[in-house]
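Below sits a lone chain in structure tokens, taken as the form predicted on its own.
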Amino acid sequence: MAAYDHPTPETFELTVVLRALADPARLDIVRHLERVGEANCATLIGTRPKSSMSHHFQVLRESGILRTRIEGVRHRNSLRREELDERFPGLLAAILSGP
């Protein structure tokens, strides 16, 4: 399987990032990754349907929030925290510090 395409930081759009983080399931994924650093898809899916989670991962990837790398048959996900902080200083910290 080929690697995923990820947007470059200069193409990150604030409205796209905010829309991605507005969904509770996606926000849970981001909060989990903030705590653990990196996790495979199976860990992040939990009890949610795999089909809907695939969509959530895609939205997070396309917005620039998430990086997915393929390691054998596993997909390892991590936040693009440094790139997001450079493009939108303080945004992720403010969102993650909320309720």
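Quick note: we count residues from 1 along the sequence shown, nothing fancier. Just so it is clear, the structure is predicted and the values come from calculations on it, not from any experiment.
The same protein also exists as the form predicted together with another copy of the chain; that form is not shown, yet it is the one meant from here on.
Three-residue candidate spot 4, 66 and 73; no residue lies within 4.5 angstroms of another copy of the chain in the predicted complex by any non-hydrogen atom.
Under a 4.5 angstroms non-hydrogen atom cutoff, another copy of the chain in the predicted complex lacks residue 83 among its neighbouring residues. The shortest heavy atom separation between residue 48 and another copy of the chain in the predicted complex exceeds 4.5 Å.
For residue 21, a non-hydrogen atom is located within 4.5 Å of another copy of the chain in the predicted complex, even though that partner is not displayed. In the predicted complex, at least one heavy atom of residue 15 sits within 4.5 Å of a heavy atom of another copy of the chain.
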